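Form predicted on its own, single chain, as structure tokens, below.
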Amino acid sequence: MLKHAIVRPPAANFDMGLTSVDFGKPDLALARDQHARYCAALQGCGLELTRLEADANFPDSTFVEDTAVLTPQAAILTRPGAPSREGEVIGIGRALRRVYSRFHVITAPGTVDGGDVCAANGHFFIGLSERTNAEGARQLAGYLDKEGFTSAVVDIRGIDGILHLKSGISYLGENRLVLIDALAAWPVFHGYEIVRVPAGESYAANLLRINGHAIIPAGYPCFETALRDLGYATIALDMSEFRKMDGALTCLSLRF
């Protein structure tokens, strides 16, 4: 059961962050309102929040998930693949040291973004992407092995529309994986019950399963109906301003 989450609101220069899409400039006031609703949803699911201050030194720093991979026993500090984001890890490390006593660190030349790591009941899928390289994946797999977890590497390079692995996959529990069509038939996911995201709703593949609730992005009615038909209680949140900056639901928190 998840109990805590670390969050950080978008800074005043949020619109200067990295993005690979062209959905327009984010509205800062709306982004902050959406972030507040996101935090309220996490609390409504039973999580206690550690709220870090906005950090204008790093325009992408609201996407705290990319800076660490968390297990029950240890925190693994990453080395983000975008050089402009490396400094974000320092502040997250300070926050995590209040609750973790054991740490591992991804070191150069390895790079890992937390958005490329999907945990599925003791097994971790590690995405090779523009932000996570083979050396980073190797280091991460080694640390996970030391902590008693298994892992598998998933090379998503060359798949259109996916920045991170979790742009196309989420774990629902009950041995169920949410997958976009481009990943649904891959052998690495055999053995799981696959919940496919309908065509045209691929952004909804990034969701949060927290203590009996499924937090999903708003605006994807077919997928939301499919989840409800499976018995999940859904909470739909508007993510429009974060999507403009390559962000999604999991990006905005570190949960443990």
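All residue numbers are counted from 1 along the displayed sequence. Just so you know, these numbers come straight off a predicted model, no measurement behind them.
This protein has a second form, the form predicted together with citrulline (CIR), left out of what is shown; the following refers to that one.
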Contact stretch among 45-53, 27-35, 211-219, 61-69 - heavy atom within 4.5 Å of citrulline (CIR) in the predicted complex: 61-69
Exercise: Gly115 in contact with citrulline (CIR) in the predicted complex, heavy atom 4.5 Å: yes
Non-hydrogen atom contact Leu163 with citrulline (CIR) in the predicted complex at 4.5 angstroms: yes
Citrulline (CIR) contact in the predicted complex: Arg79, any heavy atom under 4.5 Å: no
Partner proximity in the predicted complex: Cys251 to citrulline (CIR), non-hydrogen atom cutoff 4.5 Å: yes
Contacts with citrulline (CIR) in the predicted complex, stretch 7-25 (heavy atom within 4.5 Å): Leu18
